[in-house]
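Just the one chain here, laid out as C-alpha cells, in the form predicted alone.
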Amino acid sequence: MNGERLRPYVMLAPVLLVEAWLIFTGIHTAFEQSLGHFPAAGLSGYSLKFYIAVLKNPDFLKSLVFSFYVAFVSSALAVILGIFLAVLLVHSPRKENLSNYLYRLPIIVPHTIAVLLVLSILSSSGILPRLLYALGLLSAENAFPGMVFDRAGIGVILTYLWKGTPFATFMVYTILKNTNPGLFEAALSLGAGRWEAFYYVVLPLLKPAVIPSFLFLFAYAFGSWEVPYLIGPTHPRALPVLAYTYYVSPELSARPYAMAVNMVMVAVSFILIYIYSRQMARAGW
C-alpha cells in the first residue's frame, strides 16, 4: 500500500483511536459487571447467574421480541418507501427542484423532536384526531385509536419510519441516478414487464444501498432508547428501556442485570456487523 492510499487512514487514526478506546472500554466494563464483578456493589467473582436470570425472565423475552419487531418493521418499511421515492426522484423531470432537498430534512431533525411531532399529531388529543372530529369522521376525539404508548408500538415505528426513509432514499437515489437506464429499457424490449425489469435488473443493482440501509436502520432502531422510552408501551418495554430500568434501580445489585441486557444488544450488533461484512465480501464492495 503506497503512501497516498495510507493517507486517509493516518488522518482518521486520532479520532478512530479515541472512539475505539471509548467503545471497547465501555464494553469491557459492561461485560465485567454483567458477570457479577462489581466491587462498588459488594459483588466480586465471575458467574453467568445474571445472564441466566435475565434470559429466564418473561419480561426480557417479551422485550426482545418487541425490539426485533419494531426494528424489523420500521427498517423494512423505510427501505421499501426509500426505493419508491428514489425511483420517483430519478424520473423527476426537474432533478434539482426543492423536493430533491426537502426529503432529506428529517435526517437532520433529532429523534426527540421527531417524537414531539408524532406526539402532537397522533396522540388522543393531537392534531389528527381533532381534524378528523372536525370533519365529522370521528364521533368523538377520544374515539381515535391509540397510536402512541400502544402495545403495537405504532408511534415508535412511525417515528423511525419518518427518520429512516430519507436516509434509505438518499442511499438508493445515489446509486440509481448513476445506473444506466438503458438496462431497464433493454429488459422491456426483450419482453419483460415493468415490474419484472425492476425486480430482476434494477433491484440487484441497488443491493449495495439497500442492504446497508436496512442493517444501519435496524441496528439503530434495535438499540435506540429515547423513542421507545418517550412514546413506547410500558409493557412490553423495548430492550434499551428495560436495561435503563435496571440501571436506575436504587439497588446497585441490579446493575449486573442491566449490563447483561446491554451485552445481549451488543451481541446483536456484532451479528449485524458480521452479516454486513459477509455481504460486502460476497459482493466485492
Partner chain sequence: MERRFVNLLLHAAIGVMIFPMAVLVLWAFAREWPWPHLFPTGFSVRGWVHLLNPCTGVLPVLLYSVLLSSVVAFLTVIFSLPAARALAFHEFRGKRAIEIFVLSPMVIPTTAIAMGIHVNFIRIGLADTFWGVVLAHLLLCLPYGIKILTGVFEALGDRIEQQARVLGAGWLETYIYVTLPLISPGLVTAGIMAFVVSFSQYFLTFLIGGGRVVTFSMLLFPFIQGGDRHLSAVFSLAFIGTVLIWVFALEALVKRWVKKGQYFYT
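What you see is a predicted model; the values in this text were computed from it and never measured. Positions refer to the first chain, counted from 1. Just so we're on the same page, rigid core means the largest C-alpha set that superposes within 1.5 Å between forms.
If you look for the form predicted in complex with the partner chain, you will not find it shown, but the lines that follow are about it.
Engineer: By the heavy atom within 4.5 Å rule, which residue out of Leu183, Leu203, Ile121, Ile80 makes contact with the partner chain in the predicted complex?
Structural biologist: If I apply the 4.5 Å criterion carefully, the residue I get is Ile121.
Engineer: I need to confirm a contact call. Of Gly191, Pro93, Pro145, Gly136, which residue comes within 4.5 Å of the partner chain in the predicted complex, counting heavy atoms only?
Structural biologist: Selected residue: Pro93.
Engineer: Kindly indicate whether Leu102, Val109 and Tyr247 are, all three, within 4.5 angstroms of the partner chain in the predicted complex, using heavy atoms.
Structural biologist: Answer is yes for this spot.
Engineer: So which of 195 to 203, 174 to 182, 69 to 77, 84 to 92 is the stretch with heavy atoms within 4.5 Å of the partner chain in the predicted complex?
Structural biologist: Of the options given, it is 84 to 92.
Engineer: If you check in the predicted complex, is Pro233 within 4.5 Å of the partner chain, heavy atoms only?
Structural biologist: Because no heavy atom of Pro233 falls inside 4.5 Å of the partner chain in the predicted complex, the answer is no.
Engineer: In the predicted complex, does Ala152 come within 4.5 Å of the partner chain, counting heavy atoms only?
Structural biologist: So Ala152 does not count as contacting the partner chain.
Engineer: Does the 4.5 Å heavy atom contact test between Tyr46 and the partner chain in the predicted complex come out positive?
Structural biologist: Contact with the partner chain, no.
Engineer: Arg255 near the partner chain in the predicted complex, any heavy atom under 4.5 Å?
Structural biologist: Contact check for Arg255: yes, within 4.5 Å of the partner chain in the predicted complex.
Engineer: Select from 17 to 55 the residues with a non-hydrogen atom within 4.5 Å of the partner chain in the predicted complex and write them out in sequence order.
Structural biologist: Residues within 4.5 Å: Val18, Glu19, Ala20, Trp21, Leu22, Ile23, Thr25, Gly26, Ile27, Thr29, Ala30, Gln33.
Engineer: Can a Cα shift of no less than 2 Å be assigned to Val10 between the shown form and the other one, given superposition on the rigid core?
Structural biologist: Yes.
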